[in-house]
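In structure tokens, the next block holds one chain alone, the form predicted alone.
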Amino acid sequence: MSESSANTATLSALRAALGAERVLTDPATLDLYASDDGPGHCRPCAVLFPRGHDEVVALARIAHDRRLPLVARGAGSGNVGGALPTSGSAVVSFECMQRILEFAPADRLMRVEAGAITAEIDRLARGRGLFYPPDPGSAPYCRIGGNLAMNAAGPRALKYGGTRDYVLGLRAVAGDGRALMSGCRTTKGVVGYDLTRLLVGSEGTLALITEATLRLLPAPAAVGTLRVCYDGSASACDAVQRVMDQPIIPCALEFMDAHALAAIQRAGGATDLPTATHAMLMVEADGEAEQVADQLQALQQVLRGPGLVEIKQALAAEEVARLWRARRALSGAVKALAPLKINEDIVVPISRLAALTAGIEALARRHELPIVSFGHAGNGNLHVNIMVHPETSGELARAQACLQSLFETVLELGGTLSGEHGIGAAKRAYVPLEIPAETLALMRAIKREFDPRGILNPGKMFPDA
């Protein structure tokens, strides 16, 4: 809170609980935490930096008693406004809670605080021959608490499953300061309701996650990657269907349309693509070295078909890393195409992926807007980016109409409005298109049970009642 707009007694209570140096209200700090990676901007009234679970309990009790809205924040890498402050809210940053509390390789688990960096968790696990499978694009800097709040995943979800599948248990704090424990230390456990799976993906609206017990797997010994070029999106989507119809499950199957490839090339990547390339797949297999070689050979057989331009195989670590650097730089490269990027991550069944890409191309023509599509084709999960110049008369209105049509198309194809980015503030108005009113009412009742005064991440996930 700024001192002028804050309740002085509330600030005093927070400073007593956390220490004055970890309750910041100066303008520079407030501006720094006024947005996440989306276009929204709202100054919080304060930024709080707890150092452990007990301090989160203390600040939540103060906030509940004084009706202070709280917005949890990891690294602010989300792009749907999930960590966007609301008017009069305080941001709870977990930057000071980065400890690895326990690493038990024999039990294949790690217990971490919410501010631990996701890639660091994986790095530590690999030092003992294990790995943490979820791999969101922001893994080098995002924090595990934010990943869990949004159930963020990444390319490896195709083979290994989503983030929720790797959370054995949680420690969290409800909106009235109640301390919660859920789950267990084993991969089997059916005692009580599964609050762990409820909290993962709840976007900080039910509780503040403070600690997580994560499941680890043995690390694959080898990885091989194929770069597969096609003459268009339809040919690439047909190849995706063929891959998913055979028994080998790749650990990644990524799609990029012609606009995405052009963005990468403008940014200096993928300069060696054949000129006939208008869509590309990245297909990755992992396992023991001899298994990877056999898998790649079998995958190449099904990837060959109508519209194929080229297949290149990368086995050396640097070759694989170079391909993934280009893929992970794509989101930033796309931002250079227009001042505003409306970024969606819709999902459809695999059998409908070709229909989705055709529908997206039709929407781009109808609304006269460039649309860039790429993402996790093996899950039917595409990141669809509507590029907008707001200063151009009528363009923003066309973009909003295009977005509505996109969501309607996705639902008609049996899909869902978000696969891994979450709902946040950006998509909440569209939630009733997918969730029936009776179900939405039950979800609101669950929210009230965890957060009686509605102070946790208000204005997110659901439209106003």
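Numbering starts at 1 and runs along the sequence shown. Just so you know, these numbers come straight off a predicted model, no measurement behind them.
Although not depicted, the form predicted in complex with another copy of the chain is the subject of the following passage.
In the model of the complex, another copy of the chain lies farther than 4.5 Å from every heavy atom of G81. Although the partner is absent here, S35 lies well away from another copy of the chain in the model of the complex, with no heavy atom inside 4.5 Å. Of the heavy atoms in E420, some are within 4.5 Å of another copy of the chain in the model of the complex. Shown alone here, H259 lies farther than 4.5 Å from another copy of the chain in the model of the complex, counting heavy atoms only. Only one segment in the set 300 to 308, 357 to 365, 271 to 279, 199 to 207 has residues whose heavy atoms sit within 4.5 Å of another copy of the chain in the model of the complex; it is 199 to 207.
None of A336, I100, A289, I249 but one reaches within 4.5 angstroms of another copy of the chain in the model of the complex through a heavy atom, and that residue is I249. For the options E120, D238, D231, D165, the one in contact with another copy of the chain in the model of the complex, meaning a heavy atom within 4.5 Å, is D165. Each of E434, T439 and A445 is positioned with at least one heavy atom within 4.5 Å of another copy of the chain in the model of the complex. Residues R164, D165, R178, A179, L180, M181, C184, R185, T186, T187, K188, G189, V190, V191, G192, Y193, D194, L195, R197, L198 are the members of 160 to 199 with a non-hydrogen atom no more than 4.5 angstroms from another copy of the chain in the model of the complex.
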